[in-house]
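Have a look below at one chain only, the form predicted alone, in structure tokens format.
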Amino acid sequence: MQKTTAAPAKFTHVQCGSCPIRHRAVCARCDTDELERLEETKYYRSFEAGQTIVWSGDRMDFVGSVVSGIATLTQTMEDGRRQMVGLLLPSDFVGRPGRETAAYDVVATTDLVMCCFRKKPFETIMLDTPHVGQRLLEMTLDELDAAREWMLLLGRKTAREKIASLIAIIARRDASLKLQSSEGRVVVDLPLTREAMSEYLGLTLETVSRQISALKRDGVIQIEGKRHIIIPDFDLLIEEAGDDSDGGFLV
């Protein structure tokens, strides 16, 4: 794939007190003094849907958390084949302290806002501030667990279970998720095109479309427009994903 220069990111400002990921991100356990230290090195950036945040192999002088929106992690092989290897959802951490370059292409799938930290000062804060280092370790272990469970999804689940699992993952992690009734009715905007879903799940586009239509026909999901999905019974979706009602691998 030809490498193109991304458009300059737009900058915006978000106050920590009103941040939707304040209690889930790397700063979740920080006290007031620790937040003040992070404030000194942080800045916010917004990216448009389709914009590349960083290319694999490029120098990455920042780390940060997704505040809103979704991005994809993609790896390209020498012969040009591409594989989506991960999704970055709100509160997920981007970049690796101690690593100079990016390991994957990171691309905004939707309009996206990131809370960024200059890498070198953040590495110092991480060493000096146990709450930051501990939280980052927790998030890293959660990411490892999710990767292991994703191996299960790709290797053992049926096409129908894969689609249901992906919808459930996005619904559970969506910062704007809305419970519309006591019966557990959930509304979510699916941020991935069907082409992107097929790439991520290792399925053909035709299979993705067929399975989404089957879930709709069976009343598991309802679709309004191209990506607006209504889940009448979330427990039923979890059953279709092949997981138990406690969530299985969906954490």
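The structure presented is a predicted model; accordingly, all values stated were derived computationally and were not measured. Quick note: we count residues from 1 along the sequence shown, nothing fancier.
What comes next is about the form predicted in complex with another copy of the chain, which is not displayed.
Residues 99, 149 and 157 are all found to lie within 4.5 Å of another copy of the chain in the predicted bound form, as judged by heavy atom distances. Contact annotation for residue 161: at least one heavy atom lies within 4.5 Å of another copy of the chain in the predicted bound form. Though the partner is left out of this view, residue 198 does reach within 4.5 Å of another copy of the chain in the predicted bound form, counting heavy atoms only. Another copy of the chain is not shown here, and in the predicted bound form it never comes within 4.5 Å of any heavy atom of residue 169. In the predicted bound form, another copy of the chain stays beyond 4.5 Å of every heavy atom belonging to residue 214. Contact annotation for 125-152: residues with any non-hydrogen atom within 4.5 angstroms of another copy of the chain in the predicted bound form are 126, 127, 130, 133, 134, 136, 137, 138, 140, 141, 142, 143, 144, 145, 147, 148, 149, 150, 151, 152, listed in sequence order.
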